[in-house]
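First, one chain by itself in structure tokens, the form predicted alone.
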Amino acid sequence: MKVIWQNIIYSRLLQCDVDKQKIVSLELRVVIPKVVTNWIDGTEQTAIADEVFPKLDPATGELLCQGVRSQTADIARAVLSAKLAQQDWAEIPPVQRGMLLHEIVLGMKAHQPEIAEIVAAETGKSYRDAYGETGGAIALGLFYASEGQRLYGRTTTSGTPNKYAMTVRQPLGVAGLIIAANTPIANVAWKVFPALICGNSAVLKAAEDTPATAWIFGKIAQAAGLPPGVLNIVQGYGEEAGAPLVAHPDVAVVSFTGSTAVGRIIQRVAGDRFARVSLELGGKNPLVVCDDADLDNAVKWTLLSAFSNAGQRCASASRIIIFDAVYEEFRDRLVEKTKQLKIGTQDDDDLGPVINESQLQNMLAAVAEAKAGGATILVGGERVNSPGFYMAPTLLENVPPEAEISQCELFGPIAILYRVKDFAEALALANDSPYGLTASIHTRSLHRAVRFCEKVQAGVAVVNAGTYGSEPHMPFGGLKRSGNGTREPGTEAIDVYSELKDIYINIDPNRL
């Protein structure tokens, strides 16, 4: 089997133009299938129990498609396929693995419009935003395909004569990957590409709210020539498909993006059997507006940070901390601009629906509780009167920092304004959170900017821009309840999906 796979790769290197044309001419079903299947061992498969779950269109509330409802037996089948494929995949030199992953990238690029259509349909975001997200996923895939040429170890000296020391990277085995639905194709790329370039096989548990996005990625991967079993994609609910993946004894590393509550369970279950765990969890991210800030720029980035993607970003700005000297002026400008935001799924709209009805109801309940506790609703606070799961962009003030809505991630277009007297109070409030993912400050002072970046308790600090945004070559992750210390993507993700081995070579000079 290993020889066959290597021959496939060699053939691709020699006949690159021919293979690219094959990918370009691949016939993809632009229309989402009525039933979205699993990809196991290179083929589309239904669930063993032959059950499905509904996926609703967040823009209309109507049925968009159904996903196969995978359970423990389906996960066992997928993990077995990955386990059987992994050793031969790892035997392929990393440079050649990268070449094959590059073919997947080319397939994504050739079908970027089709991927974007599916992402837009499943999430309710505009085609423009979905197309941009797909471009980001392509860029990330290209970065990791190139990492096949840079899976560096190191050589160093030894304290013993005639002894040589070095390290090499080796794969862990089967990677269990669990993603969220907010940026679905980006999340797929975020985990699949680094896991595979390191020589692991993978089982990807798709988000139940975006099953077709993962499905089309699997279709492109198979068309690009990825060997069967190297990437398996399973659909289903977290409790029925994600939980058995985390608990499976043959899964060597679990990477999860999602809520802190679920991350805590994954840490306990996978950690109990000493599997490696990478957690990218929630955020309650502060954006600080100083008295010397460019207010027009600060308003622009606050709107984008709080409301783009309907606030469904772990890096969304949900705590806006404003110096007293500019509080009223900034608040009034922000409220006025928020009222002008256009809601819908078209390219000229500013934000779309949230992903499902349950998420919307949680947001409405949180706002109602805050209002009952004395909060002032400056704008929004209610469901938009239209089909689908639309939450009006919402700004609140007069909310205590210790209130539940100030401390819990809502994952929607809701932000709270806080008044502070100076930099010290702003920094203290920014750090007064159980989360520590991202943070931003708006100021003209280099001194404030540098000190904020040094002292804010966050994995990402930004000056004069938004709280979100990551690049393929940069690490992303948070402190406290925002993660467990790992970083993805960037070269740091290689540490998540590979193991370092020390190698010592001793020679005898007398036997030269």
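Residue positions are given as counts along the sequence shown, with the first one as 1. Predicted, not measured: the structure shown is a model, and the values here were computed from it.
Beyond the structure shown, there is the form predicted together with a small molecule, which is absent from this document and is the topic of what follows.
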Exercise. Given that the partner is absent here, does A206 sit within 4.5 Å of the small molecule in the predicted complex, heavy atoms only?
Worked result: yes
For this session: Classify P211 as contacting or not contacting the small molecule in the predicted complex by the rule of any non-hydrogen atom within 4.5 angstroms, answering yes or no.
Result: no
Exercise. Would F411 count as touching the small molecule in the predicted complex under a 4.5 Å heavy atom rule?
Worked result: yes
For this session: Give a yes or no for G283: in the predicted complex, does one of its heavy atoms lie within 4.5 Å of a heavy atom belonging to the small molecule?
Result: yes
For this session: Determine which one of 259 to 267, 139 to 147, 113 to 121, 293 to 301 lies within 4.5 Å of the small molecule in the predicted complex, judging by heavy atom distances; exactly one does.
Result: 259 to 267
For this session: Check each of S255, N182, S433, T338 and return the one that places a heavy atom within 4.5 angstroms of the small molecule in the predicted complex.
Result: N182
Exercise. Exactly one of L437, I322, V354, A202 has a non-hydrogen atom within 4.5 Å of the small molecule in the predicted complex; which residue is it?
Worked result: L437
